[in-house]
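Just one chain follows, in the form predicted on its own, and it is written as C-alpha cells.
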Amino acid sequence: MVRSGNKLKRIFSIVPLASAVAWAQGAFAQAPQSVFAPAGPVAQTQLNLLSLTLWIAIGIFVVVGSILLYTVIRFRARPGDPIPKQIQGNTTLEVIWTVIPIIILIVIAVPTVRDAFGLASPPPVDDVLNVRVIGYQWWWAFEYPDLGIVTANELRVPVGKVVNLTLESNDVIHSFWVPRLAGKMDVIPNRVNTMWFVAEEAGIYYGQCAEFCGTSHANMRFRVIAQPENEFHAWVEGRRAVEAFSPANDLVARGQAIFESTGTCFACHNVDGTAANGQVGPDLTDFASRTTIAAGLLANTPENLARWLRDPQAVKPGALMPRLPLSDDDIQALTAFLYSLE
C-alpha cells in the first residue's frame, strides 16, 4: 500500500501539471491570434475568467482522477477478498458532493456575471472612436461616421482610446474576432450588435471571421492597426485631404482609364477623387497604404496584386470579384494606378 501511495503521488503531482499548463500558455501566447497574450482591458478580463475556470477544472480533474485511480488500485478484485464496504445512502457523503459543486458554480458564476455586465458597454468616457463594421462575403468594411472615412479590411485605431463598434452584416451571419483585443461578437443580418475594445500597445492585431459563412470563410481576415495618436490623426487628415485624382504619369493615367471604363471596377469599388463610386466591393481610396489585399489573404505587393487581378477565383475560391479579360499590359497599368492611391 505504501508503494501504491507513493506511485499515486508521483503520477498526480500538481507541480508538473501546473508547469505543463504554464508552458502551454506561454507557447500559445507566441501565436499571432492568442487569447493568452491580451493587449487590452477587454481581452485581459476575459483571460482572467478563462484562467479561473481552467484552474478550477484542473483541480477537479486532479481530485476526481486521483480518487478514481486510488479506488481502482485499492479495491481491485483479489481472490478471496470480501465485497468492499458499500456507501450507498451515506447522508454525509451525499451532502458533501452536492454542496461542493454548488460552491464551485458560485465561484465561477459571480465573476462571469460581473464581467458580462461590465463589458456590455464601453467605459463612460467622452473621447470615444466610433466605428461601423459591416461584414460581407468575404471581407470587412470599416466606416468612421464621426470622421467621414470608409476603409476596408484594416481597422486603424489610436492606442489607448476606447473603440466602440457597431456590427452589421450585408448578407449572412459572420463573427468579428480579434483574440488579443476582445472576444467574438456575432454579426447578424438585420440586427446591430455592439462591442468595444482598447488597444494598449501599438502594433498589428490579427482578426478573422469566426462563424462559418460560406466558401471563403477561412479567408475572411482583417487586421487592427493600433497607432500612436499623432500617427492616427495624420492618417485621418491624409484621408480627408483627398481631392480630384491627378495621375503621376502616363501608365497611371492608363490604369485610371481602364479602372473607370471597366464596369466591374467602377461599379463595385469607390475611389475618392475619381469617377468610381461603387458600394459593392471594398473602398480602395487608400489602397497603397494597406498591408494586405484580398481581405488579409495576401501581402500587398505588386506581384500579389497582379496575381489577384489575373484570376481572383484561383486566389480566393468563391470570391465575388469575377475574372476580367485583362491583358498583362492592362494589369500592369491597373497595378500602377492602384499603388498611386495613398
Ligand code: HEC
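Since the model is a prediction, treat every value here as computed from it, not as a measurement. From 1 onward, residues are counted along the sequence shown.
One more form of this protein, predicted in complex with the ligand, exists but is not displayed; see below.
You can rule out all but one of 134 to 142, 222 to 230, 167 to 175, 100 to 108: in the predicted bound form, only 134 to 142 has residues with a heavy atom within 4.5 Å of the ligand. Contact annotation: Arg290 falls within 4.5 Å of the ligand in the predicted bound form, judged by heavy atom distances. Although the partner is absent from this view, Arg156 stays clear of the ligand in the predicted bound form, with no non-hydrogen atom inside 4.5 angstroms. For Pro41, no non-hydrogen atom is located within 4.5 Å of the ligand in the predicted bound form, even though that partner is not displayed. Contact annotation for Ala202: none of its heavy atoms lies within 4.5 Å of the ligand in the predicted bound form. Thr264 is the sole member of Thr264, Asn193, Thr112, Asn270 with a non-hydrogen atom lying within 4.5 angstroms of the ligand in the predicted bound form.
Looking at the ligand in the predicted bound form, residues Gly281, Trp308 and Leu334 each place a heavy atom within 4.5 Å of it.
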